[in-house]
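Given next, in structure tokens, is a single chain: the form predicted alone.
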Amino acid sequence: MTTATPTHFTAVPLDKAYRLLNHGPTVLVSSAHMGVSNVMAAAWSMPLDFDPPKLTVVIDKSTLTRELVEGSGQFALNIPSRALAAQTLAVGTDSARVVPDKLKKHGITTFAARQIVAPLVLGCVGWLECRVVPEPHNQQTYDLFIGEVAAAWADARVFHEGRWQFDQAPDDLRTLHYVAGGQFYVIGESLLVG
């Protein structure tokens, strides 16, 4: 199901976009091509470059998401919060090739991206709209995709002034960090050194 843009959805300057991923969260990779869209979970993503901002994510060859990303040349990384833990695990476990209506089954609602065709996932606290930087060797050998960030957004309740502000936000807005076997940790308290 697609819905309107969330209330706390605010632009992030592209020179600060890397900070949305710098703390190592689990992400939801969303993609769309020729009227088909999908969302899958990924634990392996990271910032790569500042100017223009780039990131990397591993997308397995067997996934529908991979097919859609290769078809469109675009994807989004959505940063889910604690409130989406069950859905994140579910869309990372169920394959859209086996469960074609997995987004509906698991209560994933999307809204329109601004710069790309891939949908954005409602309930996340960060969104990075990306265009694929073609690196065929890395994609085929390592399933590693490079994305140039075209637009970045964050939930203003938890990311503002170019930084995560988890200490002042509700616990349900803390990000997820996958460790295996269905277990996540949520981001903890801040520690400022220096």
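In case it trips you up, residue 1 is the first one in the sequence shown, and so on. What you see is a predicted model; the values in this text were computed from it and never measured.
The same protein has a further form, the form predicted in complex with a further copy of the same chain, not shown here; the description that follows concerns it.
**Q.** Region of this chain that lies against a further copy of the same chain in the predicted complex, out of 62 to 70, 122 to 130, 158 to 166, 30 to 38 [heavy atom, 4.5 Å]
**A.** Going by heavy atoms within 4.5 Å, the stretch is 158 to 166.
Q.
Is it the case in the predicted complex that Pro47, Val186 and Leu192 each bring at least one heavy atom within 4.5 Å of a further copy of the same chain?
A. Answer is yes for this spot.
**Q.** Partner proximity in the predicted complex: Arg82 to a further copy of the same chain, non-hydrogen atom cutoff 4.5 Å
**A.** Residue-level check for Arg82: yes, a contact with a further copy of the same chain.
Q. So in the predicted complex, does any heavy atom of Pro13 sit within 4.5 Å of a further copy of the same chain?
A. Contact with a further copy of the same chain, no.
Q: Decide whether Ala86 counts as a contact residue for a further copy of the same chain in the predicted complex under a heavy atom distance cut-off of 4.5 Å.
A: Yes, Ala86 sits close enough to a further copy of the same chain in the predicted complex that at least one of its heavy atoms falls within 4.5 Å.
(Q) Residue-level question: is Phe9 within 4.5 Å of a further copy of the same chain in the predicted complex, judged on heavy atoms? (A) Although a further copy of the same chain is absent here, Phe9 would stay clear of it in the predicted complex, with no heavy atoms inside 4.5 Å.
(Q) Where, within 15 to 44, is there a heavy atom within 4.5 Å of a further copy of the same chain in the predicted complex? Residue list please. (A) Sequence-ordered list: Tyr18, Arg19, Asn22, His23, Gly24, Ala43, Trp44.
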